[in-house]
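For reference, the chain that follows is the form predicted alone, supplied as structure tokens.
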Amino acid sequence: MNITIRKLCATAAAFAGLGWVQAQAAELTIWHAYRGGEKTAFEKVVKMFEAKQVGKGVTVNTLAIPYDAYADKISAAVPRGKGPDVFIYAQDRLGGWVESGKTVEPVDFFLDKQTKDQLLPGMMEAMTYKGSVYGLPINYKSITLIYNKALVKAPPKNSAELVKIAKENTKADSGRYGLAYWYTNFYFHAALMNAFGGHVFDKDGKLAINSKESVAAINQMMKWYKTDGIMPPEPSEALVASLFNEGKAAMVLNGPWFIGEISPKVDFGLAVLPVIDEAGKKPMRPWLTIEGAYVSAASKQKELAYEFAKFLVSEEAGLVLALEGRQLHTNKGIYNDKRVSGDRVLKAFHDQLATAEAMPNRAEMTMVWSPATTAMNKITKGNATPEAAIKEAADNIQSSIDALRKSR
């Protein structure tokens, strides 16, 4: 072979090698709604993942989207072949995205036993819809009892103790209340509904919100509000925070997102929600919101997208997201780390997990919120009885469900 031919071969080989590198290069786009410390910790985990891809030419771009517009943006962009490779969202929208199609990709093909076994019990169920797995669960949230230590010596273990302590700390004419939570918001009320055995849907997926159990739970809430007089009227998230920070609410029911809003002047404690004596001594069972990482149906890098989601649920990533991002991570291994188990906030919400109940991920769940919350407001304002308001809500929800099914 002469020199010229050898040079041409070498040049061709060089270009072929370059082409191989370019073919291996990949770019992932991730959508999320994190802010503050959660966003900083998440971006650190993204960099950790990139570092593990050295030599593969992998780049991961993240986009933080305002939460209020997030779900609609996913629904609009992804089915049209646009948007991210991976998006992070709670399980309550999963069923709707699966039913509408072209939004979220099943990951059963990629899923292995080792990945499943490292997760806390019950987490994978939230990512499962009609027998298929559509995401990997990253973190969970629920409400728990948060109390002012200057006003409450020991947190209540049952509803009798709750009322007793709350009455001791209530002076309505001075704007002081023993208990404050957003009880007209159906999400917060669900902890009582679940304690009484109420459900939004039965095991067969039929609407079950109009039941004697649901009515009993509302009557219990109204007893605390009207008869016992231990809760403020017209509650809101802002009011609850204001009362607690001013020392005018001895106890609140809220989630991990509330911790950052507590004034440094308030010495607070956390405890598992109490048992409800009137519900046969059953515990309050708050809804568990589980955020999952979903592979977009539009992604052209599905295998790599899944590898990124898989890294998010690893113990390595979990420790960063928990300790720096203050997230309740789903990897059970992190709770053996003394930095996590010794953290009173992370430990308290992990303890609440034992009596929490995963929020339904059915497609019809999005139709529940508005009618249910409207019913709660009508009841508390005295504009309808619990029975009438719940029936009206159920009728409205069922009408929306029927319309959805006809459109498919």
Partner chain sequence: MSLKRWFSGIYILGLTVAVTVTLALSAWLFHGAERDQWLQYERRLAQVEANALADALSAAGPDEIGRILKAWQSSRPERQSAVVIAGMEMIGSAKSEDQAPRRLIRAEKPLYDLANQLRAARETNLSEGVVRKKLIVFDEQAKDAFVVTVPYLDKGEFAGVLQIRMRHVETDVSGTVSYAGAALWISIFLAAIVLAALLHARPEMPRDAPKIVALAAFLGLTLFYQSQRLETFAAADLESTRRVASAVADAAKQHDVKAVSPAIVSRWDTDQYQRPLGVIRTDGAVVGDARDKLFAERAKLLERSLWAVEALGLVLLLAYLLGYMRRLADTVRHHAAAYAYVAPAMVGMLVLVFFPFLYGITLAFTDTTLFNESLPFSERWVGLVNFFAILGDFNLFTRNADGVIWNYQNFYWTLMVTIVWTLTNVTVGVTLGFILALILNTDNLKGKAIYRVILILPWAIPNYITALVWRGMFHPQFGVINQILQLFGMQPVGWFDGVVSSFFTGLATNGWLSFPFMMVVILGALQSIPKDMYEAAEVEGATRWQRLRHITLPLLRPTLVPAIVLSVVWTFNMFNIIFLVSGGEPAGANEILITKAYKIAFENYQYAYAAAYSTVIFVILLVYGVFQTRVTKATESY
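Between two forms, the rigid core is the largest collection of C-alphas that superpose within 1.5 Å. Numbering follows the first chain given and starts at 1. Source: prediction; values computed, not measured.
The same protein also exists as the form predicted together with its partner chain; that form is not shown, yet it is the one meant from here on.
Asks: Going by heavy atoms within 4.5 Å, which of 151 to 159, 254 to 262, 125 to 133, 187 to 195 lines up against its partner chain in the model of the complex?
Replies: It is the stretch 125 to 133.
Asks: Does the trio Asn336, Lys338 and Ser341 actually contact its partner chain in the model of the complex, every residue with a heavy atom within 4.5 Å?
Replies: Negative, none of the three is within 4.5 Å.
Asks: Identify which of Arg35, Lys44, Lys381, Lys52 has a heavy atom within 4.5 Å of its partner chain in the model of the complex; exactly one of them does.
Replies: Partner contact (heavy atom, 4.5 Å) among the options: Lys381.
Asks: Though its partner chain is not shown, can you say which of Leu323, Ala208, Val272, Leu243 has a heavy atom within 4.5 Å of it in the model of the complex?
Replies: Residue within 4.5 Å of the partner: Leu243.
Asks: Although the partner isn't part of this model, could you tell me whether Ser100 comes within 4.5 Å of its partner chain in the model of the complex, counting any heavy atom of the residue?
Replies: Ser100: contacts its partner chain in the model of the complex.
Asks: Applying a 4.5 Å heavy atom distance criterion, does Glu278 contact its partner chain in the model of the complex?
Replies: No, Glu278 is distant from the partner.
Asks: Answer with yes or no whether Asp267 is in contact with its partner chain in the model of the complex, where contact means some heavy atom within 4.5 Å.
Replies: Although its partner chain is absent here, Asp267 would stay clear of it in the model of the complex, with no heavy atoms inside 4.5 Å.
Asks: Taking heavy atoms and a 4.5 Å cut-off, does Glu213 contact its partner chain in the model of the complex?
Replies: No - in the model of the complex, heavy atoms of Glu213 and its partner chain never come within 4.5 Å of each other.
Asks: Taking its partner chain as it sits in the model of the complex, which residues of 76 to 93 have a non-hydrogen atom within 4.5 Å of it? Please list them.
Replies: Result: Arg93 alone.
Asks: Against the rigid core, is the Cα displacement of Val345 between the shown form and the other one at least 2 Å?
Replies: After core superposition, the displacement of the Val345 C-alpha between the shown form and the other one stays below 2 Å, so no.
Asks: How about Ala354 - superposed on the rigid core, does its CA move between the shown form and the other one by 2 Å or more?
Replies: Shift at Ala354: below 2 Å after core fit.
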